[in-house]
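Look below for two forms of one protein chain, each set out as structure tokens: first structure 1, then structure 2.
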Structure 1
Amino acid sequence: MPDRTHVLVVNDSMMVGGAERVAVDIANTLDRNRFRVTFCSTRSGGPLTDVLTEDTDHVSLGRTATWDLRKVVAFSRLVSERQIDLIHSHGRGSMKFVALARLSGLVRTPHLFHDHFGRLHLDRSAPIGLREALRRGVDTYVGVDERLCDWARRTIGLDPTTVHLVRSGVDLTRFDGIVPADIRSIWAIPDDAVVFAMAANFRQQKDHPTLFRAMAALPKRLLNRMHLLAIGSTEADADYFAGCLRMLDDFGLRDHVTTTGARNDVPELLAGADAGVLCAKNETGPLVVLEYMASSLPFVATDTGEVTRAVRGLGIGWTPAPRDAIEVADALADALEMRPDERVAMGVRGQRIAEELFSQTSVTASVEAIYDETMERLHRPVPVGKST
């Protein structure tokens, strides 16, 4: 099929994370009748490499810095040799790397940037390097949160017609036919415990301390029924993780919390849990809430991003304010007070809403439409009387 558009999806790595998962899911579900796909991780590979479809080539460049000029040349060669028609970058580091290749004149291929930046509540700045990369090295901007799109238009000054909102989706097929992990046997969790799974690496943004304070605020009778399965890497921020462990000791929560470390069987672990929880300070998704919904789990997730705003009040979970341990505790108490069949019914409703509002198929269709618009806009003949 020689007429297919060749898309190069670019991300820092293939490690497990929200932005990485979005990049892989889009790459895997692009219509192969219309698109060829190559995936480039500019820094390193990782477990998600094995998740790519068989017809998706993967290239790892091994760059060690944003302005790694040798890797910029290697990237430019890749774009040329593979005859790439469109570059789709994920994450600001990868975007700046691609923009450098564009600004250097080594790459002239259209560039669409997918922004997942989750710290907008802390950092709305636009230093000159970021501003110039976006203004001069990016043709189309896609934000996963309306606040990001507003920042791109107002702070960066991008043409509003080139800024698009695309909420994250979930590939529901990843959760079909999953055999639940027997998490109670694996980690010796009491059979009568209500297991809340929190799939989140141990780092500041995920705000485990607020969750621990909320658990400590629960009445003893409810705390004794709760067990937290904390799924995620403990290595990214060793000091933060050590502080979390100290909090567990200080609050007497050690018997109520199990940390699993990084795992490659998250869908199975979620299927074995009773509910999901996320206590992040700020998110632009958060993607993991969609994974809870796809796993038929009711959830307690702080109200931080496009996903929680979209499902707020739909009766499939609780969305307390971020950094508010009392609100989180009240939500946990409500979930713990429910009968098992009530939690199951709530989770089933959540799965149905995930299918209706957040299926990866519809999200990828929106991305494909933006591809088409970008290609048409950049290849449109210049009107008479105007110069390039």
Structure 2
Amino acid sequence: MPDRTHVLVVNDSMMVGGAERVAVDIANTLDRNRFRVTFCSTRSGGPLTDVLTEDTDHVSLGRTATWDLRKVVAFSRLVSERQIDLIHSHGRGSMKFVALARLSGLVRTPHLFHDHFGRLHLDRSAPIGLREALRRGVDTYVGVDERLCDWARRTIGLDPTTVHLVRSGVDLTRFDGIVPADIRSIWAIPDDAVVFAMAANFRQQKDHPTLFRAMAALPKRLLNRMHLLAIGSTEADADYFAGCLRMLDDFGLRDHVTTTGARNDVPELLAGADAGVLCAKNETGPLVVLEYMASSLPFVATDTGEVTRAVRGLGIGWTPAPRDAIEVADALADALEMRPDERVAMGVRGQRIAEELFSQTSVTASVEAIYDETMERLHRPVPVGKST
């Protein structure tokens, strides 16, 4: 298949993270009749390398700084030698690196940037380096959140026709055949407790304190039925974790919360829980809510990203306002008051919605359509077999 479009997917590293996972899932599911895929990590490799399909080459450049000129040259050589037709970068660091290669004249290949920036609650500025990289080094902008697209159009001033929203999806096959972990036995959680799993590392951007405040605001009768399984690293932000522990003590919640630390068996743990919960200050996805849905869990997730925006009012979970303990408490109370069979039914509905709205197939189809649009706009050969 010599006339397939060769796509170079670029990100910083192959460490486990939301953006990295999206990049890998898209790369793995691109139609191989139309696309060849090479994956380039500009900084380092990582565990996700093993998840790439066998026909996907992986190259790690070992970049140590954003403006690492030696690696820009190495990258340009890679693009040239492999005859790359389209570059798809994920994350702002990688985008700036590719844009530098473009602005230096070493690379002329069309560049599509996939923006996962999750710190909109802290920063919506457009410093000159970022602005010029986007304006002059990027041909197509893909945001995972409408607010990001809005920022690209309004603050950066990109041509609206080159800005696209693509919600992140989930590869549901990863959740097929999962054997639920017996979390009640492992952590001695009472059999009659309703177990809420929160899969999120302990760090500032997440918002465990609002969840703890919400739990403390629950009537005793409901709190006594609730147990929180906090899945995620406790080492990423030691001060934050210490503050969370203080809150647990202050509120007398220690008996209602189990922290597991970082785990490699998150799908199994989710499958063993009764509901999912996520409190976060800001998210653009958040992918973990899709994982709750894929695990057939009803959820309480603060309304912070495209996923919660898309499922508001669909009766598969609750989306209280972020950082609002009272709204979160109300949502928890509603979930706790349900009968077990009602929760299960809600979870099953959620899984169906995940398939309909967020399947990897539909996400990849959207990305492929944007590839086509970009190539056509830039008068490059369009991949074979394009559906019209």
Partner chain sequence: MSSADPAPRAAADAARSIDRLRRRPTLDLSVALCTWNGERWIRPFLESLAAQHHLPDELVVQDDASTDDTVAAIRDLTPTLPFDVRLEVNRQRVGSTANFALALERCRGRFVALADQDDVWYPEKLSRLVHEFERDPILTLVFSDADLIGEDGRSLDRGLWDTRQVGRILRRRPIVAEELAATTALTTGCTVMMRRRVVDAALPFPPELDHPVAPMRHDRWLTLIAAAVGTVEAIPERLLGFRVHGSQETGVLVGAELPKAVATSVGSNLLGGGGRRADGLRARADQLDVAAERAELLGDFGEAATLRRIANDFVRRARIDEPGRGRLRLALGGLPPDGGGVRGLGTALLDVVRAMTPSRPKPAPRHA
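Heads up, when I say rigid core I mean the largest set of C-alphas that superpose within 1.5 Å between the two forms. Every residue number counts along structure 1's sequence, beginning with 1. From a predicted model like this one, the values you see are computed outputs, not experimental measurements.
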Displayed copy of the chain that is the form predicted on its own
1
For the two-rigid-part motion between the two structures, write down the angle in ° by which the smaller part turns against the larger.
10
On a rigid core superposition, how far has the CA of residue 338 moved between the two structures, in Å, if you could check?
2.6
C-alpha positional change at residue 188 between the two structures - rigid core reference, Å:
4.1
